[in-house]
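Before any questions on how it binds or moves, here is one chain, the form predicted on its own, in structure tokens.
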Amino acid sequence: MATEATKRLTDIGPPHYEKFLPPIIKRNYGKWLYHERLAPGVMCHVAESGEKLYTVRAGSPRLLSVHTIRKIADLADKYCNGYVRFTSRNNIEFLLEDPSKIEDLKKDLQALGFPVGGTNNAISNVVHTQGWVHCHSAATDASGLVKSVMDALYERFTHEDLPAKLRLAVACCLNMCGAVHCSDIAILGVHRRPPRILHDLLPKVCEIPTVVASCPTGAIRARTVDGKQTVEVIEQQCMYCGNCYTVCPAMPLNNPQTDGVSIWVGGKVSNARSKPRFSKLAIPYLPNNPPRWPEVVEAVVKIVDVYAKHARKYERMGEWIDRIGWPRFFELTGIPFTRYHIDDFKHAGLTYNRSTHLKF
């Protein structure tokens, strides 16, 4: 049996998070009484002991160079003894004990191009996927979309003037590794055609049984073309997930002519006031027009502006839509209702318990 010393030497798992906590958090762990909002992007947490921890939140572009990370680390060393953290939505949070340093930190952040905000009833930083930079199945570019959308919604990040917090997310395809299925406004890249099959190349680089087995809907069948063992795709069963391309590069899914973007609304993870809910379709298709995606930006800004004007205080996007009804939502936003909005999927999660509540 391995000794404790041996385990410590051989364990290659992540170190315990306590090693990275600021001393003030270690001293007051589990003993925080409340927190106060001081300004957009600035909060104060008060412990039972009376100690106060100040948080300054800034937005980041998520994909950061080493050069940029060093600048962030320099600010953390200068103002908060090196203690800085990144949130799950890619915000940067500086943890200070001295409130007199807050304004100077905010000025330095803004000088470097990092806006301070994203707290309370504002738009937080956008959680998004890899995009064309890294992902082989992306139907759009998340990084470019987020940059374009947030340039237009900058004031909504730095000012707390929305009815409630508003969470945006971007996913490049329906695999949704960007959590768009539960966001107030979700931007989802969509493929609209099944993968192309390069019949000459496929037998040389792919294993037919593996390709057939990769399809979750059974849309791929083995077949012979010009005397070569290859596959075919039954379009009615294909859901454009890209699994086949993952195991077989001879079945590319990306299509510049037909790939595009859809907009979904009304999802949330929070249990406050109402149970968690999935996003629902608002706009089935918008064209991919990089580098600024004007159609997508206009649509998202329109939805945000209408929500900000008509929702009541503390109402999340989905709760506001529930109150006014979907017909009124389409009327206010000017979004046309199409056949794609009709949910006829027989396994739709209408009866799923998506909440931690035990009783309703």
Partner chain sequence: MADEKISTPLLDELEKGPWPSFVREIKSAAQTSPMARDLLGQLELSYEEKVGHWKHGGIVGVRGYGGGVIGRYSDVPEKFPNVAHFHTLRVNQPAGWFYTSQALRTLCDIWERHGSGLTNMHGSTGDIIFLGTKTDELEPTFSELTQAGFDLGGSGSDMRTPSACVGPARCEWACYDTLKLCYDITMEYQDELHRPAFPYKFKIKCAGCPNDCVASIARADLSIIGIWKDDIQQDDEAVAEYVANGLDIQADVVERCPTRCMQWDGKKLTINNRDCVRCMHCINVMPKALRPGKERGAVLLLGAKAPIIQGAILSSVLIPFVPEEELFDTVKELLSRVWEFWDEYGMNRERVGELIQRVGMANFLDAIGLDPVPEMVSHPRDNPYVFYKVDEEQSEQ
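Just so you know, these numbers come straight off a predicted model, no measurement behind them. Positions refer to the first chain, counted from 1.
Missing here is the form predicted together with its partner chain; even so, the following discussion is about that form.
Q.
When its partner chain is placed as it is in the predicted complex, are Gly13, Gly59 and His134 each within 4.5 Å of it, taking any non-hydrogen atom of the residue?
A. Yes.
**Q.** Pro195, heavy atom within 4.5 angstroms of its partner chain in the predicted complex
**A.** So Pro195 does not count as contacting its partner chain.
(Q) If we define contact as a non-hydrogen atom of the residue within 4.5 angstroms of the partner, is Gly266 a contact of its partner chain in the predicted complex? (A) No.
Q | Interface membership of Trp293, its partner chain in the predicted complex, 4.5 Å heavy atom rule | A | Yes - in the predicted complex, heavy atoms of Trp293 and its partner chain come within 4.5 Å of each other.
Q. So in the predicted complex, does any heavy atom of Thr230 sit within 4.5 Å of its partner chain?
A. Answer no; every heavy atom of Thr230 is more than 4.5 Å from its partner chain in the predicted complex.
Q. Of these, Ser100, Thr224, Gln236, Asn271, which has a heavy atom no more than 4.5 Å from its partner chain in the predicted complex?
A. Checked against the cut-off, the match is Asn271.
Q.
Can you pick out, from Ile324, Ala308, Leu63, Leu38, the residue that has a heavy atom within 4.5 Å of its partner chain in the predicted complex?
A. Partner contact (heavy atom, 4.5 Å) among the options: Leu63.
Q) Out of 243 to 279, which residues reach within 4.5 Å of its partner chain in the predicted complex, heavy atoms considered? A) Contacts from 243 to 279: Asn243, Tyr245, Thr246, Val247, Pro249, Asn254, Pro256, Val269, Ser270, Asn271, Ala272, Arg273, Lys275, Pro276, Arg277, Phe278.
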